[in-house]
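Below, in structure tokens: the form predicted alone, a single chain.
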């Protein structure tokens, strides 16, 4: 069962970043207070980078027991490990290297010069195996249940590296390689819809007027094959954290009542 999305609109990109960082700390503390190791999925993009830096610099960051957090990625550009386009590298620079994480609980997708060589299918299969290795009987499958899945949205409505009308949208495996991506770089590794559905909470982050049309389409009943961001929903909560520009095309009734 999936949740009905709510929309939270903030005045500026900075406010979106602060609200998301604060929400993440609260969520992780709640999960850990319940006696669980938290599973979070990171995304890439400029707003994600700002969230990461805001969290790193927040005094509240110490409220989380970071050694009891599993870190995953929703997708990755299949490029060398030192390529600045890698979501992993950006997240490490902006946040992860500053946290007392357990290295065994940080799960990047293999790079194109990594353990699987220049074979994105092998890298995808390896990530699927890593996910399966962290699942428990309570997860009822080969993917752990994510406590927070953070996602961006492209101007074309893509999510993770699932692009409109792309064959990967029909995949039943948990992780797949994507070739001929309409957005560079052309080769990527991504979680599929089946895996994105394994989250208690899904948070979409979007800022800027270039995202306004895609946000409107994703929240207005579009099909997930045409607008992939219309698909992922949390089993407990789905929230869109937007600035005014990204929310500009939304009907007023879709806006969160406490929007500013």
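Positions refer to the first chain, counted from 1. The structure displayed is predicted, hence computed values, not measured ones.
One more form of this protein, predicted in complex with a small molecule, exists but is not displayed; see below.
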{"property": "Residue 86, heavy atom within 4.5 angstroms of the small molecule in the predicted bound form", "result": "no"}
{"property": "is_contact(residue 232, the small molecule) in the predicted bound form, heavy atom dist at most 4.5 Å", "result": "no"}
{"property": "4.5 angstroms heavy atom contact with the small molecule in the predicted bound form for residue 144", "result": "no"}
{"property": "Distance check, residue 95 to the small molecule in the predicted bound form, heavy atom within 4.5 Å", "result": "no"}
{"property": "One stretch from 22-30, 214-222, 62-70, 43-51 that, in the predicted bound form, holds residues within 4.5 Å of the small molecule by heavy atom", "result": "43-51"}
{"property": "Selected contact from 153, 131, 148, 177, since only one has a non-hydrogen atom within 4.5 angstroms of the small molecule in the predicted bound form", "result": "153"}
